[in-house]
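The form predicted alone is given below as one chain in structure tokens.
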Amino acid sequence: MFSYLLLTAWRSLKRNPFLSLLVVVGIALGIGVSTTFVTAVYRLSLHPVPEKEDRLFYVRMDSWNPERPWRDSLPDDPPDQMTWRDALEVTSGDIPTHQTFMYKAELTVHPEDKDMRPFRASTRLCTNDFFALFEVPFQYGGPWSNAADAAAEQVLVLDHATNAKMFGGEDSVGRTLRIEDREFMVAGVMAPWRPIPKYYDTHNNPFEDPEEIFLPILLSESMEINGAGNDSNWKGYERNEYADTLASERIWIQTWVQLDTQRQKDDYAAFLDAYALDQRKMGRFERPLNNWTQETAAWMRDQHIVPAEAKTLLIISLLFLVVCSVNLIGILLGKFLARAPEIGVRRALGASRGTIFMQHLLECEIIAAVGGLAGLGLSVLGLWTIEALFVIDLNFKLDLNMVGAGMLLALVAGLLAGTYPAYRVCRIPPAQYLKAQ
């Protein structure tokens, strides 16, 4: 029976191709716009390291002003960065599988090639666990060693593009590169890697490229490297020496840990609380105990990785699809009522209202499926346009989930547009058309 209804619906479509095409175009426009923004929000909301969804945590501690919260609009939230001394201490234990503290800087690189001018390179000061935490791929070599971290050795990791710029893309492991007034040995070269968004540090621009150079963070003390990212401070301090900054209440360090088991999570939470209480005895951490190990997805939500404007556009695009569907009701109603005499005869010959209703609803769904396929093509163009406007690769691509979502939206739109016309046509009294036939 279903195959017969499907065939009947298909034949009915071909009788009036112009009206059928109008409906296809209407649904395609709605699907193109809505799927574009659904995909954009979906891609921005994806967990950047899905295999570590419940194991990768951003660490936050409330060392802020006892007189007022870090942000008046978020009175229950601890600051979203740490002081140097707190980050150094809370990553000194052995509970996490991996842990790092880090910050962004800008340093001057002096190329060996005299034809190349020195340039400022975005630099991340971190521990070697950074690369394991965030699953950074390597083309040559690998991270520097634990011993290099502890001794603050002059080693570095280059990103793929900077290695191509400095060394022609060759295996540069073991070669040296002059940064500021020091010579650094290349420990590893990253393969192309660009997480979207740059979730490990969202404080400046979550869609910027990863840093070009990575150095051991303890070099900060001897090289006196200032951060180039966001920072805040509630308590004044003397700035005569770099050590004054490191000992201050300035928050500018990001801290991440990987906790693979529930015991690790419990032990690390207890470790943070014990550290905070110990600091309270020293006159710090005077606010209520408020330490967070925040899952990556929650951290990204707090940082508003998906802009409110994108969510608003998503809602508007779905409403646009609804409007498109509602506007198609009149076209489908006129199309179906034009067949009233034929339907009257079929009803007189024994076709039930349910059969007539199902035939016309199937016709709407066939149109919707064709419109959905066309709309997916339009959404590809829309996503390309968004990336072109941002002038960066946001990796806004249609995957199987989004293709399925687009087709589902199309079928829902077809159902919304076709239910009332199909209902009206199945209620036609057969008798009023029998004489004419």
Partner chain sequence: MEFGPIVRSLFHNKTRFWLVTLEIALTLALVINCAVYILDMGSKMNRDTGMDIENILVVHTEPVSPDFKDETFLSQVRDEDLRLLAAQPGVLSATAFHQIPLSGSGSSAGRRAEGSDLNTIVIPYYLVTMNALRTLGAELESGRDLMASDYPPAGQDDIRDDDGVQRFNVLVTRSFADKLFPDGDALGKAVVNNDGTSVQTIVGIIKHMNNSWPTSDFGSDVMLFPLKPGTAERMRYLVRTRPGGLDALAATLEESMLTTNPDRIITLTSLAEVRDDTFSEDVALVKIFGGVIVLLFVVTSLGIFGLASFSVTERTRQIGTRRALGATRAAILRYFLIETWVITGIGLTLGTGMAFGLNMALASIADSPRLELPLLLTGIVVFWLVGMLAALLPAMRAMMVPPVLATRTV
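Positions refer to the first chain, counted from 1. Between two forms, the rigid core is defined as the largest C-alpha subset superposing within 1.5 Å. Values in this document were obtained by computation on a predicted structure and should not be read as measured data.
Quick note: we don't show the form predicted in complex with its partner chain, though the next part is all about it.
Using a 4.5 angstroms threshold between heavy atoms, residue 166 stays clear of its partner chain in the model of the complex. Using a 4.5 angstroms threshold between heavy atoms, residue 49 stays clear of its partner chain in the model of the complex.
The shortest heavy atom separation between residue 320 and its partner chain in the model of the complex is within 4.5 Å. Taking the partner from elsewhere, residue 150 is found to have every heavy atom lying beyond 4.5 Å of its partner chain in the model of the complex. Partner contacts here mean any heavy atom within 4.5 Å of its partner chain in the model of the complex, and among 210-218, 357-365, 286-294, 323-331 they occur only in 323-331. The contact with its partner chain in the model of the complex, taken as any heavy atom within 4.5 Å, belongs to 118 out of 93, 195, 142, 118. For the residues 45, 401, 395, 65, the 4.5 Å heavy atom test against its partner chain in the model of the complex is passed only by 65. Looking at its partner chain in the model of the complex, residues 125, 346 and 369 place no heavy atom within 4.5 Å of it. Superposed on the core, the two forms barely differ at residue 159: its CA moves less than 2 Å between this form and the one not shown. A movement of the C-alpha atom of residue 201 falling short of 2 angstroms is seen between this form and the one not shown when the two forms are aligned on their rigid core. Remark: with the core as the superposition reference, the CA shift of residue 211 between this form and the one not shown stays below 2 Å.
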